[in-house]
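For reference, the chain that follows is the form predicted on its own, supplied as structure tokens.
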Amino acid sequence: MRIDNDPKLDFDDVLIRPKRSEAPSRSSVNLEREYGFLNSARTWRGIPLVASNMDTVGTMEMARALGPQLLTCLHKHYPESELAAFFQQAADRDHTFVTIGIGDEDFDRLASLVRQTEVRFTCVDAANGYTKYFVDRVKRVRETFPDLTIMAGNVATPEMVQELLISGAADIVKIGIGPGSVCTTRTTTGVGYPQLSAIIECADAAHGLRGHVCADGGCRVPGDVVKAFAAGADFVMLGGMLAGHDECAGTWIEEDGRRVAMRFYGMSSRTAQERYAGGVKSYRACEGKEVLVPYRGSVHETIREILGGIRSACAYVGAAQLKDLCKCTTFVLCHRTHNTLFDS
């Protein structure tokens, strides 16, 4: 046993200090970024927000609403026939991830899908990205499908980011252990890592190897999304912030024939395990919960609010484009240690 005494930070522990600058107007801030990828020859250009691969949020309807500028990770429980039909539509190919787990059936499903249609992005998804089995599975996907852009996770520390990138397996590493609004990993297992520090440390490791990171979890308001980008995230994945919209799937609560709320749950919750795994296995615990999310209408208004917040933040610190936000950011510690500054 050892104790790491270095302070670790979550989104609520910091604010971004405004700076005097020749700041552009909000309307002129460029939120688009263009990425090349370390292990695949492809590039992508757009606004690097990603709808989570939760089954309530990572829907085909969400992908159609957010594309082509924003990305969506489809959940892994769609039938293969539906996925094939979806990706055979040309407009849906360049902003949507196919999500797979780490079982043989997941690999076979991806292989079959690649034979039927063009797939550009895949997300190899596991709650625990620290196992050798997980790393080997990601390597197998890379070896079999060298042209795919691969996002893999989740991890929360630099050494695993480095392993996934140096091995040539991943292009993007997904960062976050336990920060999600309906994830209970931290309270159930005691395992986790404060999300802001995880992003800072993992982004530093990835960028030194020309790789990318996707911050996954912990964003509750637009300001948290800003902080994730300011900490060095290349992509930010959203689950709870996109729940409750018309483009979501799941169980709706209605009153007088009108939607008022949606049942939103973590993918390791009892609800999800009963739906997809036949119940909670005797050897494991639930690491997610179910909550009610108010009905929010179309996702477009929420996206407008998020993008408006990012543009405004860039103007406050003098960043003409999203790419420059991290370089212009000074985080102010506001909870644990007052009046202490450090630059990201």
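Residue numbers here begin at 1 and follow the sequence given. On a predicted model such as this, the values are computed, not experimentally measured, just so you know.
Heads up, the form predicted in complex with guanosine-5'-monophosphate isn't pictured, but that's what we're talking about next.
Note on the interface: of 303-311, 31-39, 64-72, 48-56, the segment with non-hydrogen atoms within 4.5 angstroms of guanosine-5'-monophosphate in the predicted complex is 48-56. Interface residue among T96, T99, T149, N154 relative to guanosine-5'-monophosphate in the predicted complex, by the heavy atom within 4.5 Å criterion: N154. For the options M267, L110, C248, I200, the residue carrying a heavy atom within 4.5 angstroms of guanosine-5'-monophosphate in the predicted complex is M267. guanosine-5'-monophosphate is not drawn, but in the predicted complex it has no heavy atom within 4.5 Å of A206. Proximity of S181 to guanosine-5'-monophosphate in the predicted complex falls within the 4.5 Å heavy atom cutoff. In the predicted complex, guanosine-5'-monophosphate sits within 4.5 Å of a heavy atom belonging to G217. The closest non-hydrogen atom of G288 lies within 4.5 Å of guanosine-5'-monophosphate in the predicted complex.
In sequence order, G218, C219, M237, L238, G239 are the residues of 218-239 having a heavy atom within 4.5 Å of guanosine-5'-monophosphate in the predicted complex; the partner itself is omitted from this view.
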